[in-house]
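Only one chain comes next, encoded as structure tokens, the form predicted on its own.
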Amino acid sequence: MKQRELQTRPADTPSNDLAEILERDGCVVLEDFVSQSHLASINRDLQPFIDATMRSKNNFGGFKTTRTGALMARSPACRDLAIEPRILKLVETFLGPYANTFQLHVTQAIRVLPGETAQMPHRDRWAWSQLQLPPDVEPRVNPVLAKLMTEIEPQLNLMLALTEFTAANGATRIAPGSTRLADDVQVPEEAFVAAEMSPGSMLIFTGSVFHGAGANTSQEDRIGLNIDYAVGWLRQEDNQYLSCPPEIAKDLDPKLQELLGYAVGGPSLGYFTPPLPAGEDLCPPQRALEDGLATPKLKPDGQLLTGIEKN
């Protein structure tokens, strides 16, 4: 496979045009997508959490990389980005053939520290086809799930540059045009391109394109904001119900609530039964955000209070 140019487009490029590039290449950079004032707000919101985040401790995640999650619970500025109309229009255009509803899949601020080595090239869609095995066993691929993932495109990702992205400081390395390759192929080094970007620009990429964080041979941190969207009928990688529980989600924009999963994801996906009071069975997830359910009352021993006891 020969190297293909990483396409760059203005931030206001129509979603249909971007979807065509994504279908062909699996990736595209949008220049200056976020204003400098919005970028400053994101950085202010996230910096305390980034500073407190522990480093990853495995070969895939790296040993000099931090991944700060729960962004929808922690950052109003990140919430605004997650429901930005241009992004949601592209998500609906690109993932629309494969689902009726969409959801947030992952939200992370990824910091690559000086001295980090290059991440293993991978596809993000492997989150659904890789089998979890003991750490001393080579991960196996479920062939049925792997084949299913070749028939659809399960997700669309964005990586917003919070700092300068350069080849030297660990900019995401991506292989345009690699979406149709077999899962077990060894993508040649020359097929990868460093997604060099100025702060505020954004890399959009699919779940099927081979990519990985680059090595940071500089003396500066490389920080990117990663927000991924997936079709609504697959399990989220980042459990949004725990990362952004009802007591926080109840005050968010209704569109963001839906993306977090507080909505029925199809004719009958996601209903629940409140444990108390009795009688309210098969409720839509939005019911969990109403007063009384978002902040359940507990006895000192941890048991739920009944409706009679609450009165």
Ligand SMILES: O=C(O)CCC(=O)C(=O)O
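Being a predicted model, the structure only gives us computed values, none of them experimental. In case it trips you up, residue 1 is the first one in the sequence shown, and so on.
Keep in mind the form predicted in complex with the ligand is missing from the figure; the text below concerns it.
By the criterion of a heavy atom within 4.5 Å, His38 is excluded from the residues contacting the ligand in the model of the complex. In the model of the complex, at least one heavy atom of Asp124 sits within 4.5 Å of the ligand.
Residue contact with the ligand in the model of the complex: Gln119 places a heavy atom within 4.5 Å of it. Proximity of Gly177 to the ligand in the model of the complex falls outside the 4.5 Å heavy atom cutoff.
Contact with the ligand, judged by heavy atoms within 4.5 Å in the model of the complex, is confined among 144 to 152, 74 to 82, 205 to 213, 177 to 185 to 205 to 213. For the three marked residues, Phe60, Ile110 and Thr172, a heavy atom of each sits within 4.5 Å of the ligand in the model of the complex.
Within 4.5 angstroms of the ligand in the model of the complex, the stretch 229 to 254 places no non-hydrogen atom at all.
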